[in-house]
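Given next, in structure tokens, is a single chain: the form predicted on its own.
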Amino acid sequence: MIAITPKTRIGWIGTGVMGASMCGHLLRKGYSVVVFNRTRAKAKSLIGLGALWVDSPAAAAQQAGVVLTMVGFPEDVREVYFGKEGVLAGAKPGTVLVDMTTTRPSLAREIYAAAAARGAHALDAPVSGGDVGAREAKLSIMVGGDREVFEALRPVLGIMGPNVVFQGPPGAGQNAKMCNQIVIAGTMIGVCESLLYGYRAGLDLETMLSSIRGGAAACWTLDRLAPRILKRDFEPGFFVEHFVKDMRIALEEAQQMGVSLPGLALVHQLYTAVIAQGYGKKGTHALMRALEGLSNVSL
């Protein structure tokens, strides 16, 4: 029986663009939180809300009943969990480990097995919704692991988003997130190309968007990111370099399954150009930069 209550102490690792907001919601709900980040300054706002700083992921695991991680790349996840001062070094029997980073399904399964060997539990729980979803606690959370553990943790995850769905065994959450990223990739190029076409056709782009948002083209990207493109605001809700990482994982997983994803492969190449142009730290809607370059157009 896994018991997680409002008095359960939570360890939080990773306080970036999304992680800081997500952890902040837990603090505001009254949870006791210990926090670690490679750069302590990025945890300052959480410490101000009452989080206690610890010096390593292992220390967070030693002091918490639940540890949630939200870092950048698969290599970061591996270091956070398997490093000398990693989460697994400090995890106690019964501790629940939840990686909310988007990473490889195979790595999620590896963490699950290593946790089980220590008498702990592990879930993979990547999220969708970007910086806005994180700030507004409106994330969609896709979870893989054991259902009993998921049900025990559901109230905690629900603080960060209303759509918390159990996908299946270890790694299933990450595979569901790959499906999410494939849709986003195709949608993003469609939105950007629509804006380019409309601009060249001499349309008022705000007026054009007011029409297509209400039809079959309606989507989150049109509502949230098209306005940022028109304002030339390419600041990140989700980094280009992280999205390229996600697409690469999806393409590699697809190759292993014998699935051809030519649309995703094309968008991956275009985003590689975005990074080459120096926009890797910008938001995913900076895809417009690469497409503008191809047509010698700037909105």
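Numbers follow the displayed sequence, beginning with 1. This structure is a prediction, so every number in the text was calculated from the model and none was measured.
Quick note: we don't show the form predicted together with another copy of the chain, though the next part is all about it.
*Asks:* Since exactly one of 159, 114, 89, 189 fits, which has a heavy atom within 4.5 Å of another copy of the chain in the predicted complex?
*Replies:* Contact with another copy of the chain in the predicted complex is made by 189 alone.
*Asks:* Hey, in the predicted complex, does residue 257 get a heavy atom within 4.5 angstroms of another copy of the chain?
*Replies:* Residue 257: yes, in contact with another copy of the chain in the predicted complex.
*Asks:* So, residue 253 and another copy of the chain: in the predicted complex, are they within 4.5 Å at any heavy atom pair?
*Replies:* Residue 253 belongs to the contact set for another copy of the chain.
*Asks:* Taking another copy of the chain as it sits in the predicted complex, is residue 266 in contact with it (heavy atom to heavy atom, 4.5 Å or less)?
*Replies:* Answer yes; at least one heavy atom of residue 266 falls within 4.5 Å of another copy of the chain in the predicted complex.
*Asks:* Does the 4.5 Å heavy atom contact test between residue 73 and another copy of the chain in the predicted complex come out positive?
*Replies:* Heavy-atom contact with another copy of the chain at 4.5 Å: absent for residue 73.
*Asks:* Counting only non-hydrogen atoms, which stretch in 114 to 122, 160 to 168, 92 to 100, 74 to 82 is within 4.5 Å of another copy of the chain in the predicted complex?
*Replies:* Answer to the contact question: 160 to 168.
*Asks:* Which residues in 169 to 194 have a heavy atom within 4.5 Å of another copy of the chain in the predicted complex?
*Replies:* Read in sequence order, the residues that approach another copy of the chain (within 4.5 Å, in the predicted complex) are 172, 175, 176, 178, 179, 180, 182, 183, 184, 186, 187, 189, 190, 191, 193, 194.
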